[in-house]
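One chain follows as structure tokens, the form predicted alone.
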Amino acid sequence: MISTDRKNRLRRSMMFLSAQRPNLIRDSYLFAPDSLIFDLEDAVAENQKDSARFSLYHAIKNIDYHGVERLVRINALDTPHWQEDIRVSVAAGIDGIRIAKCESAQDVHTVETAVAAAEEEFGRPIGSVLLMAALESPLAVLNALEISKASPRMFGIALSGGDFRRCMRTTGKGGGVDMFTARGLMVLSARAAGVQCFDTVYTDLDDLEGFEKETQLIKHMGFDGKSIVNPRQIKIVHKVFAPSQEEIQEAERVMIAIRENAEKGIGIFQMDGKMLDIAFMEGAERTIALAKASGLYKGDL
């Protein structure tokens, strides 16, 4: 049985780290991202894959990451590396796998089968390792719904802007217009499948203003979080995704009102001139969860 709480946990910030660099993966939890993605793919040279796996295994086995989620980006399925990436990651105790260059539901099934075999081999509960997929091509984006629904292990899909832009023959200098359609399709697909959706990295590390603007854009589009490549970006992401005090108070009042009316047998009612029912509860609960994660709410709802 796969925990719904684990699948739906807050993932505002997902920070990439090269698994090849022990000094990075050792203390990375101190920056307090929601999730860490240990990269065995692009960030690791072809002749260093084995040593990166070795570093990753011993880090996960021996370091307390204090509740920060630990994910691994495996090498693509057309390489000779991905199967050993999965075995080492599962053996170490990783929380989830990010499937690089995923283009179909079959890609998810292939990884799922290998993960289940590794769970059995290393004595981990079946279903304990979650999956997410990186969509890096036009075909992948067009298949976003089938990918999102491919496995009960799937918790989310993520846009990989570098490869996507290469496929689209764009440069990224148009303020993100080249990825607007892809972003929209992915959010729609994720919501239809009941999984989360994450935006691509912003690689200009000195342009924090541009990074914040892009993060605000994807929040308004409905994304759950953003992939990042530098600790300086974490606070900005968390600030953007933090609800305002007005939003927190509104969510609190909505939750209380829905519960009180439910106890009276009332399913739909009016509050401040607006019609409310149980459908509003999920959004209010997410606002409170974001407020708690941001340190803005100390209540007990």
Partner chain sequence: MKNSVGREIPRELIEQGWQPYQGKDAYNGTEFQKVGPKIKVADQGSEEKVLNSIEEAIRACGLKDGMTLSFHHHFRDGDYIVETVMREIVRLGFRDMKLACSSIGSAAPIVADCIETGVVTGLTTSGIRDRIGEAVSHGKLKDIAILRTHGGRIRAIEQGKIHIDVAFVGAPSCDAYGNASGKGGKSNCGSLSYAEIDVMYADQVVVITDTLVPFPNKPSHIEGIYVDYVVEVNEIGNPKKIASAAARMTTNPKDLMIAEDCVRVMRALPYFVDGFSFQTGVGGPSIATTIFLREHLKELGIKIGWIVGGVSTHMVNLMKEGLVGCIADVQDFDLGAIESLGTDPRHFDISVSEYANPFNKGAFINKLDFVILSALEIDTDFNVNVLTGSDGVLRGAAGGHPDTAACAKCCIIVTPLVRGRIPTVCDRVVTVTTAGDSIDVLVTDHGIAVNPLRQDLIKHLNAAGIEHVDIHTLRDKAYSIVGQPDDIQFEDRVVAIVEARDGTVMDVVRQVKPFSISED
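Note that the structure is a prediction, hence the values are computed from the model and not measured. Residue numbers count along the first chain shown, from 1.
Absent from the display: the form predicted together with its partner chain. The rest refers to it.
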property	result
Contact flag, Asp27 vs its partner chain in the predicted complex, heavy atom cut 4.5 Å	yes
Non-hydrogen atom contact Gly93 with its partner chain in the predicted complex at 4.5 angstroms	no
Lys61: touches its partner chain in the predicted complex, heavy atom cutoff 4.5 angstroms	no
4.5 Å heavy atom contact, Gly127 and its partner chain in the predicted complex	no
Which of 95-103, 154-162, 133-141, 225-233 sits within 4.5 Å of its partner chain in the predicted complex, heavy atom basis	225-233
Heavy atom of each of Gln48, Tyr57 and Arg87 within 4.5 Å of its partner chain in the predicted complex	no
Option touching its partner chain, based on a heavy atom within 4.5 Å in the predicted complex, out of Lys239, His66, Lys274, Lys264	His66
